[in-house]
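Just the one chain here, the form predicted alone, laid out as structure tokens.
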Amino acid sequence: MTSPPARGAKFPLRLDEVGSAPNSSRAVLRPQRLLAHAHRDATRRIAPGGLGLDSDDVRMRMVQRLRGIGVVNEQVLEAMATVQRHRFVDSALVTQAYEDTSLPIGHGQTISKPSVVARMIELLFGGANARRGGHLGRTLEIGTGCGYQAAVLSAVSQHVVSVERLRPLHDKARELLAQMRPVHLRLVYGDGMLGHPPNAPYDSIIAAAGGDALPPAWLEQLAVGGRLVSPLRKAGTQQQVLVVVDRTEQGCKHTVFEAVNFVPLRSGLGT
């Protein structure tokens, strides 16, 4: 399922340097599908079993589905059961909040599927992070979006810094998260490709957008013993795969996982 690790990799890391993803039986993860697809899903308007959206039972049913597709990390599952996803979804789409689907959040972006959020955070728990005592340490998130994944990360991290380049989404996430008051979470309006040096180094870095290469700033801000999970586009193709990078005393090693489909990673600020 994974490619052999490459030590001492140079960055920015590109997939023409680390090799292609191996064949996998997993379906392509589509955390941020085309908006047309997300709008099509929204038209179904299927209520989750008639239960109230504030009910713990609704989220536990979602967690049971996550277990069914192979998510096993108990910290991740508990966080997914705790964070109320419907609070981050437009009121017209709340009946779809606990289905495993992406939904539009405006500005050409979507909230990722619960299965993809759980999968990527579970990957963060590997490597040295697996020995950290049940949390991810200091975590940097690239791409806050509506704030849902930041809320989940705050439940499994010592401290979270989440960077968003689009001002309206940053403001929206700040408003939504203020209602929840998650501890040890800082939202930053900034260029995610630059990371966030003031709070570096980070034990965990997770990105919600994929480019042609991993920005050097991310690797510079990753602590020794830390782990990074990000989509990365294969050179010469439009396909993205999940790449995990572990930083060790000897250098960096990578592992390539299944194909995914995220929005493109962009630099600069948007208003």
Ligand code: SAH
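We number the residues from 1 along the sequence you see. Here the structure is a predicted model, which is why all the values come from computation and not from measurement.
Below, we turn to the form predicted together with the ligand, even though it does not appear here.
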* Answer range among 67 to 75, 158 to 166, 197 to 205, 121 to 129 for contact with the ligand, defined in the predicted bound form as heavy atoms within 4.5 Å -> 158 to 166
* Asked: in the predicted bound form, does each residue in the set 80, 139 and 228 place a non-hydrogen atom within 4.5 angstroms of the ligand?
  -> no
* Hey, in the predicted bound form, does residue 143 get a heavy atom within 4.5 angstroms of the ligand? -> yes
* With heavy atoms only and a cut-off of 4.5 Å, decide whether residue 187 touches the ligand in the predicted bound form. => no
* **Proximity of residue 98 to the ligand in the predicted bound form, heavy atoms at 4.5 Å** => no
* Asked: Does any heavy atom of residue 62 come within 4.5 Å of a heavy atom of the ligand in the predicted bound form?
  -> no
* What is the one choice in 243, 209, 58, 219 with a heavy atom within 4.5 Å of the ligand in the predicted bound form? -> 209
* Asked: Pick from 193, 93, 177, 116: which residue has any heavy atom within 4.5 angstroms of the ligand in the predicted bound form?
  -> 193
* Could you list the residues in 107 to 122 that come within 4.5 Å of the ligand in the predicted bound form, counting only heavy atoms and keeping sequence order? => 109, 110, 111, 112
